[in-house]
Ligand code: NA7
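First, one chain by itself in structure tokens, the form predicted alone.
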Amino acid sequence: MANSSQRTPATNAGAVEHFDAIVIGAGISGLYQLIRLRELGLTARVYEAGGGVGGTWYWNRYPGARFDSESYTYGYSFSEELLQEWDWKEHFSGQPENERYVNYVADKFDLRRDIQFNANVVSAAYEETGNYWEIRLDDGARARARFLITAVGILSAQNIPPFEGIESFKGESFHTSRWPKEPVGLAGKRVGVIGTGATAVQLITEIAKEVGHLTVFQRTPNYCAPLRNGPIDPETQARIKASYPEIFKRTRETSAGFIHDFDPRSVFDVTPEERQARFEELWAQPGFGKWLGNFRDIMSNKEANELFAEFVRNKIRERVNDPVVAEKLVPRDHRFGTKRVPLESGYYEQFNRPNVLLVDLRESPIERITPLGVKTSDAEHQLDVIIYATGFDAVTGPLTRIDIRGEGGRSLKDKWADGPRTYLGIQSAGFPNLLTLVGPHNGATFCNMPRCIEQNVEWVTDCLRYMREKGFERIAASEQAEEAWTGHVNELAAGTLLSETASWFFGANIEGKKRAILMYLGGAKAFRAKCDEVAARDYEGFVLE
């Protein structure tokens, strides 16, 4: 990895730098947007809070962190040369390789010269008279640009619940998304992990074998499904590289940008024996096929969902030796797939280890963090290390934690207090020239991320090109278009089983956050078609001036 501290553009806290476009975030979306802005001939600066590129793959370096998208469907598709140069080592690549990949991209396209690292944007204000955005960093430095493009990701604002006594703990503690760069020595230590979501499932599987004792504090059991990862041999590598056109054609046609798509049949179109055989077939496959390649009514019909949910529960029971522990790991408070499905590689077997204890927080909730560990209602668990695998203030959190103010000084956080309001998830009325990549209500929020990121970036780039060709300098979503799109997004959510479940898809994991759908659930293909239609009609629903 390049020494980013030597490649960071210099700033003068007293001067205000000027660009055509400012991008916040140097992850997968920010890097690609920079490439496209350069192609337009625009001056651009990317501000990145971290010390290197990669976004998710820079920050999330905890043991076990890896793709749950097939590696060859995750990488950028825009460069044939890049596709042929890069060899993925595993079908589901791990964080170290993923970070190397993003750095390789940054170096190949010479992106660092337009990125300022360790640059945390704390505010952004729209200046109506001059029609520009001014951003301010936490060190007081400022910059201005006609266009402000956010590329902050949907899972970047960490969430640690406000446990009483959290500052009193005398051991080491950190959130999984802020795992130290230097090695963390866990061998022989008493470690507690709070949370059992997708991150925790990966982490627990890796560290259980090295720690002295592991206490897992489970808030909600999940329907975890086998990842079935493995190395990519040279023959498979060659076949993948020859098949990229077909792979990316497939991901453009599926509902979520993966190679998996729903079976057109209903659960009830087949006999019980055929259904069981199909469930077993799906279970044996790698990746998200169990979720996104299942019968079409799994996510809309309660009875259909329950058939597969019980199938998964039985798979859990088969793998956990202690039937009491097994039942604690069996989900009963939500339906299969209505929360993000964690993919695992031996997670349940860790609870057969003598050094692993499962604490069910529904039975004995956490009362406080103490200097020595975690106090639940029935015991104090003494620990050397506490790891918070407690998730994120998802989708809107990364935006509302920046003080973003549009026309009339109106705060985006205040506007979204009762839930996000957007047009296409790309703009919010009253915030001209602010374009949100992978924003709330955007098709990229429930998608194989890079596939939908590329669509977002290319749409924004085409829009900026159109504006330049037509002589426009200002684009703003109309109130009417925003109202219609927000209503459409809510209506789609209401038609799925997801709406019954308290999940981060609705912001339900954040205390005090208004419950509202944060994602677009109409599918990536439908979202792309809508965006194309809007563009073909001269950006219908946007006011261009």
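We number the residues from 1 along the sequence you see. Values in this document were obtained by computation on a predicted structure and should not be read as measured data.
Same protein, other form: the form predicted together with the named molecule, not shown, and the subject of what follows.
Looking at residue 362, you'd find a heavy atom of it within 4.5 angstroms of the named molecule in the model of the complex. Not displayed here, the named molecule is kept clear of residue 296 by more than 4.5 Å at the level of heavy atoms in the model of the complex.
Although the partner is absent here, residue 438 lies well away from the named molecule in the model of the complex, with no heavy atom inside 4.5 Å. Residue contact check for residue 98: none of its heavy atoms lie within 4.5 Å of the named molecule in the model of the complex.
Using a 4.5 Å heavy atom cutoff, 195, 392 and 504 all lie near the named molecule in the model of the complex.
This chain lacks the partner; the member of 345, 382, 220, 103 within 4.5 angstroms of the named molecule in the model of the complex by a non-hydrogen atom is 220.
Between the named molecule and the residues 339, 290, 112, 260, the one pair within 4.5 Å by heavy atoms in the model of the complex involves 339. For the named molecule in the model of the complex, the listed stretch (464-472, 160-168, 299-307, 237-245) containing residues with heavy atoms inside 4.5 Å is 160-168.
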